[in-house]
Structures are given as structure tokens and as C-alpha cells.
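Okay, here we've got a single chain as C-alpha cells, the form predicted alone, with questions on binding and movement later.
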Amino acid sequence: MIYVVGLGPGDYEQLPIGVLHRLLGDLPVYLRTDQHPVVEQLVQEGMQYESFDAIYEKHDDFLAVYEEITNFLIEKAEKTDLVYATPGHPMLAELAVQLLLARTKDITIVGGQSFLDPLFAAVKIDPIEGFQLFDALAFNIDYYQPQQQTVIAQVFDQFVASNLKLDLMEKLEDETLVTLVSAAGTKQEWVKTVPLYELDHEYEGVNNLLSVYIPAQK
């Protein structure tokens, strides 16, 4: 059995009890990435783990990364139960989890807290008005509707931010204000509003927990 858990937005205190029990239990733990704020505290609490960070360096595209992670987990789960942990919530913008669900029935989604609730609080918006959610790694400008408020997650680095900026400039003015939100809801929360043409500039605080919020355009 593969138990899939989410590491949440970033703070140790935000982890649900059920997720903590899995991460600190006796089963082997595999992290999609250990570049997450809660990992250090979890290690202090006794968690032992292996991460898949090295796989990202082997491939030129993310689909190949997630295919390898999926194949590895399924093969390992044939021999022993295990825990697979993702940032945020495992059902939100996690392609490897979707691949696992499609390929095996021996999987249980334990849960986790997504980044969306604290992000809405950080940018002070009410999602009841409607919003679009995109993955920066698979962003398609054809589906973007500027008249709706928009959240784009997984803006991992300047390279991803640069590609995203160029795509958005097809529909938005260069001076359009966008808001960068990193580690929303945690002690490391970082929020900065910049013109679109500066989206890929180097900012202190940018990391793999970065999302971009774009207000609805009139």
C-alpha cells in the first residue's frame, strides 16, 4: 500500500495528526522533494526519508521525472507498504499522484493542507467570486481568461517565471500588477506585488513554494 500525504504549506504546526503519524511511523518515507520548510523539524522528531530531488536533475522535462517517481513507488510498494509525501495537499497540482491513482489501486490518500486557503488570506480575496488555478509547469495561455482572478502555482524558479511571464504578455500589458506569494500562511510567508515585466526578476524569498496571483482584469 502507498500512503500519500501532504506536507502542507510550510509550517510544522499545520500538519494534521494523521499525516504526522504516517511521517513519523515505521514505514519507509519518500519525499517528492526535501526542499520544504517542515522537513528539518520532522527530521528532529525522528523522521527518516529518501527524496526524489536527484531525479529532477536527470531529466529535461517534468513528465519524465514524475513517470520515474511513479514507477519507483509502484515497484517498491510490491514489497512493502510505504509513505509518499508531497508539498501542500497531494491532490493539488501533483502529477505523480495522478499517475499513481491511474496505475494502482493500492493507494490511500491520507491528506494534508493545501496552499490555497492561506494564499487567499495573503492576497485578501474571496474565492467565492470565482478564480482560475493553473500549474506553471503546464501553463497554456489559451485557457487563461484575464477577466477572472487567477492563481498560478509551482513557479519553481526564474526559468519557470520567465516562461510564464512571456506567455502572460500575450494577453496582458507589461505593466499589469501581479502578486508573488511564497510559503503562504507560514512564518516564512513572503508577498510582493510587481509589474508583470518584473515577474522573473531575482527576489529574496523566492523558492519552490511560490505562487502568482493575478487580479481580474477589467
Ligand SMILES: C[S@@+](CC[C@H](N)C(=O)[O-])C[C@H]1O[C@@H](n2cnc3c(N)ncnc32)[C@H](O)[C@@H]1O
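Numbers for residues come from their place in the sequence shown, where the first is 1. Keep in mind that this is a model prediction, so the values were computed, not measured.
If you look for the form predicted together with this ligand, you will not find it shown, but the lines that follow are about it.
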Interface check vs this ligand in the predicted bound form: of 184, 69, 164, 178, the one with a heavy atom inside 4.5 Å is 184
Ok, 153, 31, 168, 42: which has a heavy atom sitting within 4.5 Å of this ligand in the predicted bound form?
-> 153
Consider residue 119 of the chain shown here, and say whether it contacts this ligand in the predicted bound form, taking contact as heavy atoms within 4.5 Å.
-> yes
Would residue 83 sit within 4.5 Å of this ligand in the predicted bound form, counting heavy atoms only?
-> no
According to a 4.5 angstroms non-hydrogen atom cut-off, is residue 93 in contact with this ligand in the predicted bound form?
-> yes
Using heavy atoms and a 4.5 Å limit, would one call residue 114 a contact residue for this ligand in the predicted bound form?
-> yes
Which of 141-149, 102-110, 69-77, 84-92 sits within 4.5 Å of this ligand in the predicted bound form, heavy atom basis | 84-92
